[in-house]
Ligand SMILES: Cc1cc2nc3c(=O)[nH]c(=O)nc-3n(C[C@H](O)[C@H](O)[C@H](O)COP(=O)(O)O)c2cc1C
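One chain comes next, on its own, written out as structure tokens in the form predicted alone.
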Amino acid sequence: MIYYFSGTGNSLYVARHLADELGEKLCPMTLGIPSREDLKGAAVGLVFPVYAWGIPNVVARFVQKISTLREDLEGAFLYAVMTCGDDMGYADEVLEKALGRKLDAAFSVLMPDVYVCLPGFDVDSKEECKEKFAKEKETVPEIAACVRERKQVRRLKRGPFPWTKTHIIRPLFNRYLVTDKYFRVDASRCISCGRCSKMCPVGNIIVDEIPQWQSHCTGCLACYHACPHHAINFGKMTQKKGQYNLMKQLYE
């Protein structure tokens, strides 16, 4: 079984590819936890995006729940596949701390950048996206081969200064930027189509003429990227930034 979380589509894309390679079933992390029967001697995959060189709060909640099945987890081959736009720091160690056990294998997969809420951050160019998708086609079958053979391996792109990014920058990022209080809607652009609400993976948006956020944001930016008229922005920082619409292609 492969459990996944995806905001803008990258991790769902990888999870589907991996599931096809392995002949496994997919389950969103937001829909529950595995049963003890699911874990017995099985290969259990966790596929999700890296947020600020760590794990999304949705993933943290999921793994804290399955950590109660610690004895059953010990008998499973537990691996993680983490998507990132550039590097992933020590996100695997953050995951292991939440799980309460070591991973049997861990991998990172480069996918198009989607974070746009700070200066210097924007979506990748079409050429960069094409290159990353081409690399993904090579990387995921290699991951699947490792899983089939139950290889104890780590193939991770930690990047420069990984400890500083994960243990110093990440806590500040989570404290000040994982919030929906900065989202703004341009009412002259918004058509009340509800796409932002539909694409929000945690059900955090209600559309009453214009979108209203409900204060349990996971920071995925699916609402921003899904808006067909660029009516949603995160403060002033995203007004001239690009959008990334893979999730729309995966679901429609």
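Just so you know, these numbers come straight off a predicted model, no measurement behind them. The first residue of the shown sequence is 1; numbering continues from there.
This protein has a second form, the form predicted in complex with the named molecule, left out of what is shown; the following refers to that one.
In summary, among the residues Leu95, Val147, Cys84, Ala106, the only one with a non-hydrogen atom within 4.5 Å of the named molecule in the predicted bound form is Cys84.
Proximity to the named molecule in the predicted bound form, defined as a heavy atom within 4.5 Å, singles out one entry of Phe173, Tyr182, Phe77, Tyr90, which is Phe173. Taking the partner from the other structure, the named molecule in the predicted bound form has a heavy atom within 4.5 Å of a heavy atom of Leu221. Taking the partner from the other structure, the named molecule in the predicted bound form has no heavy atom within 4.5 Å of any heavy atom of Phe62.
The closest heavy atom approach of Val44 to the named molecule in the predicted bound form falls outside 4.5 Å. The shortest heavy atom separation between Met111 and the named molecule in the predicted bound form is within 4.5 Å. Per the 4.5 Å heavy atom criterion, the named molecule in the predicted bound form is contacted by stretch 114 to 122, the sole one of 69 to 77, 148 to 156, 114 to 122, 98 to 106. Counting a residue when any of its non-hydrogen atoms is within 4.5 Å of the named molecule in the predicted bound form, the hits in 42 to 69 run Pro49, Val50, Tyr51, Ala52, Trp53.
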